[in-house]
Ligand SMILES: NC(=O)c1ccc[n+]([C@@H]2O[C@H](COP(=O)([O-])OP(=O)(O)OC[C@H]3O[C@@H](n4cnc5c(N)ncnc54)[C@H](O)[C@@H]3O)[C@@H](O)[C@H]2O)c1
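Okay, so here's just one chain, in structure tokens, the form predicted on its own.
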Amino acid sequence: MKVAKVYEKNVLKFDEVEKPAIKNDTDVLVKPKFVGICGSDSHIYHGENPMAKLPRILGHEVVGVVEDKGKAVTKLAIGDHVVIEPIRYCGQCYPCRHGQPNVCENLLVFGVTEDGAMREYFTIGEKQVLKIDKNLPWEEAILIEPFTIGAQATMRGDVGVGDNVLIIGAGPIGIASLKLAKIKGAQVMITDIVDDKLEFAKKQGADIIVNSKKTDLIEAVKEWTKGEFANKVIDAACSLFTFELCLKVVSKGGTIVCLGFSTEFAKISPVSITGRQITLIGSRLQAHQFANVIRLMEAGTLRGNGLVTHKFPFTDLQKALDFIDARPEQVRKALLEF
């Protein structure tokens, strides 16, 4: 079978290896149907993800079919449609004991710190394999994992009814955060520098869209909130500039949710946090969000509605990565099809 592996920065190769077999009684053999290409996959390919170690098989957004299963697997049957939860954790450390397995002391992330789904078959523990309704289209089901990131961000920010929420960045995670914030009853402004992304966000439910390249964002937020500023700010653009910007647009007593992984240092004064009693929160991956997102998608409450824009055959992964690099403004979500 074929396996796509990043060996070093900007070096991707396809290898031929033996099809894996069930080794542990709790393992499941999965045949992927679609694998989503995340921004973090591109960052790993370019050697820009500090969490990943090379060589690595990419791919943490995956849906597929159960091909085989170990003797102890009881919740799944051969032929089931499934989505993969990419985190593996110990369950014993402080974060795990306090409901935060996504930052486990011994965390392993499928496609980041251990080999992922960009291969024709893979085995994985039953605990990470979640059954989904066969009536849910594959092109929708593949969005479950990205939507859990939005669910986590809005949960961490305690987004709720009556909140004025500013989302910085209208990429896939910004859109995921927008959709979950609207489900939770918030009013949402979303900002970006690409008009097409903002128009798409408007169609997905954004109350206000702002191109910060053309409009003063701080003034726009001030006017929208009648001088109060945004109660919750989610930084889905994840740049040093946008991280610092969050403190200029958040309200007194408000909350900032940071999703970025930059290793650069921001210039933030303590008084900008304490003077207005701002809550600054990190949000990584997800914790216990899959079940709710799956239910919302199976019920039709949560949908991609055009979030997927491009599909490439698995063997065209290099072409897909190059296309995303060359035309990022055209790509909302690209998929590999098996």
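Residue positions are given as counts along the sequence shown, with the first one as 1. Keep in mind that this is a model prediction, so the values were computed, not measured.
Keep in mind the form predicted in complex with the ligand is missing from the figure; the text below concerns it.
In the predicted complex, the ligand lies within 4.5 Å of some heavy atom of F261. Shown alone here, P95 lies farther than 4.5 Å from the ligand in the predicted complex, counting heavy atoms only. For V250, no non-hydrogen atom is located within 4.5 Å of the ligand in the predicted complex, even though that partner is not displayed.
Within this chain, R284 lines the site of the ligand in the predicted complex, having a heavy atom no more than 4.5 Å away. Within 4.5 Å of the ligand in the predicted complex, a heavy atom is found for every one of I193, K197 and A237.
Proximity to the ligand in the predicted complex, taken as a non-hydrogen atom within 4.5 angstroms, holds for one residue of I168, A117, L178, I144, which is I168.
Note on the partner interface in the predicted complex: the residue among T255, N164, T242, Q204 having a heavy atom within 4.5 angstroms of the ligand is T242. The partner is not drawn, yet in the predicted complex one stretch among 284 to 292, 298 to 306, 51 to 59, 266 to 274 has residues with heavy atoms inside 4.5 Å of the ligand: 284 to 292. The partner is not shown here, and in the predicted complex the stretch 311 to 338 never reaches within 4.5 angstroms of the ligand through any heavy atom.
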